[in-house]
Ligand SMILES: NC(=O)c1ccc[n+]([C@@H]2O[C@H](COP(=O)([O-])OP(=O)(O)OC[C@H]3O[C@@H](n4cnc5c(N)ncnc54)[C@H](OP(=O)(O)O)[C@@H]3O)[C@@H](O)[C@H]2O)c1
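Single chain ahead, written as structure tokens, the form predicted on its own.
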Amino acid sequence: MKYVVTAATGNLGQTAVKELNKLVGAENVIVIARNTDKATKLFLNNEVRHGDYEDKSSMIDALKGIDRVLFISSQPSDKVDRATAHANVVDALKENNIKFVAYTSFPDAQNSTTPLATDHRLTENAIKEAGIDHSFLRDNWYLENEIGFLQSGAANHDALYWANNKAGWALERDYAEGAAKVLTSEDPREIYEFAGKTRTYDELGKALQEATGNHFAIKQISHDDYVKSLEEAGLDTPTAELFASFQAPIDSGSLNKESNDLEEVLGHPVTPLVDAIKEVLAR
């Protein structure tokens, strides 16, 4: 059985490859990346193949002789929209008669109204329409997404936020381990809503206080004031607005999805939040 991790040089991909190497042996795990030089340096014991989501032919070639695929969703691109890039991957999966694909999707992708869910919903539909056996790994929020909030508290500065709802924060490596275990499962489910325990920013801030021993203020402010605070910290307006937008899926309630799927797949608890915060800050 041959396994592939696509977009493997990202943080999620790197950890997924390591987990798969433990589960099935590096000789059975193939890495697909746009930057093969980087991948070759990262993965000394794995076969590396070139594959670019924006180039369908490269993905068709990269997936030859493969049985199971961890299809890691891409970041939006200026050259080719993500829905088209993902459609290229699905076409390549179908062309190669892939037996099974695990795709990293978005929480409740088929019903979510947040714009971030749109491309994931289209990709899920394309995989189903292609008739490929699959699992959709609907990942909630990575704790690493909150590095600015965490670093503020670590520096004993006010921890600011504007979103008024909850997210299921967990470490990226917990999501990656879950993905590897689903990919190697004999009887995987179609849908996994992967998440840590849902919490508010205030709860995240209190865990940060415990992790750092600092007694900074945890403050909810308006969206506009949040953007201003980022500008005052040195960001230009477009970048500040971009960073502020990262909290929009939380504010909308799109990430307020309580689920034990991740813990069940891992076979152990998700990394406790205080420990997870310490881990992120120590990097």
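Don't overthink the numbering: it's just position in the shown sequence, from 1. Values in this document were obtained by computation on a predicted structure and should not be read as measured data.
Form predicted in complex with the named molecule: not shown, discussed below.
Shown here without its partner, the chain carries L12, E54 and D139, all of which come within 4.5 Å of the named molecule in the model of the complex through at least one heavy atom. The named molecule is not shown here, and in the model of the complex it never comes within 4.5 Å of any heavy atom of T200.
Using a 4.5 angstroms threshold between heavy atoms, K181 stays clear of the named molecule in the model of the complex. Although the partner is absent here, K38 sits close enough that one of its heavy atoms falls within 4.5 Å of the named molecule in the model of the complex.
Residue contact check for R82: one or more of its heavy atoms lie within 4.5 Å of the named molecule in the model of the complex. Only one segment in the set 62-70, 45-53, 227-235, 213-221 has any non-hydrogen atom within 4.5 angstroms of the named molecule in the model of the complex, and it is 45-53.
Think of it this way: in the model of the complex, the named molecule has a heavy atom of just one of S185, N164, N96, N145 within 4.5 Å, and the residue is N145.
This chain appears without its partner; in the model of the complex, the one residue of S112, Q209, S152, S74 with a heavy atom within 4.5 Å of the named molecule is S74.
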